[in-house]
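Only one chain is included here, represented as structure tokens and corresponding to the form predicted on its own.
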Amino acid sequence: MINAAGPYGAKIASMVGIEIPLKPRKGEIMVTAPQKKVLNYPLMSATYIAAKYDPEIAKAGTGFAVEQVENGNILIGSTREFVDFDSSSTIKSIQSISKGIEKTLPGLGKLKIIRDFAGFRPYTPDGLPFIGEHKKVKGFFFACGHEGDGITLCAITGRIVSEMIDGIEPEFDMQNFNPARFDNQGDK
């Protein structure tokens, strides 16, 4: 069995008696009305990326990620909040996102926002995913906890997990991704 349930990974693991410190981290995004082409590439601030590893940075509401999609809509985000699975939009989040983007790309602050939505990233305390078989339950493999990198890393994660299932030793050192790496932390 492979637990690739993203932000629901801890709930699935608990069904087989495994506790892992994985929790949902909400990201809220604003979408503009379609625009003529203004962005050729996605842009992300360093603080947006650093917030993945330091929740205190995320609390400050700094950083941004922005991308224009094929039909012309511009996606502007994103927050990183611990609110369980509450996907509601908040004025505080919209203001935080707007403030972050206006500093760098002031023209985007004048665009019409047509909607706002939220999704959930699977957060782990060390920022690393759980990949591999858990020592407590033979045949129970993890492929979750990538936070915002899951789509980007899905191909290599799938390859590594399939090799592990086939008994092939991965060519990479996988110790940092061990699903049991947080076991017994309360015992120390």
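Numbers for residues come from their place in the sequence shown, where the first is 1. Fair warning: this is a prediction, and the values are worked out from it, not measured in the lab.
What follows is about the form predicted in complex with a small molecule, which we do not show.
Novice: In terms of non-hydrogen atoms within 4.5 angstroms, which of the given stretches 130-138, 33-41, 144-152, 159-167 touches the small molecule in the predicted bound form?
Specialist: Single hit among the candidates: 144-152.
Novice: In the predicted bound form, does residue 57 come within 4.5 Å of the small molecule, counting heavy atoms only?
Specialist: Looking in the predicted bound form, residue contacts with the small molecule do not include residue 57, since no heavy atom lies within 4.5 Å.
Novice: Should residue 8 be classed as touching the small molecule in the predicted bound form when contacts are defined as heavy atoms within 4.5 Å?
Specialist: Yes, contact at 4.5 Å.
Novice: Please check if residue 12 has a heavy atom lying within 4.5 Å of any heavy atom of the small molecule in the predicted bound form.
Specialist: Close contact exists here: in the predicted bound form, residue 12 approaches the small molecule to within 4.5 Å, heavy atoms only.
Novice: Using a 4.5 Å heavy atom cut-off, state whether residue 4 contacts the small molecule in the predicted bound form.
Specialist: Residue 4: yes, in contact with the small molecule in the predicted bound form.
Novice: 46, 64 and 106 - do all three of these have some heavy atom no more than 4.5 Å from the small molecule in the predicted bound form?
Specialist: No: no residue has a heavy atom within 4.5 Å of the partner.
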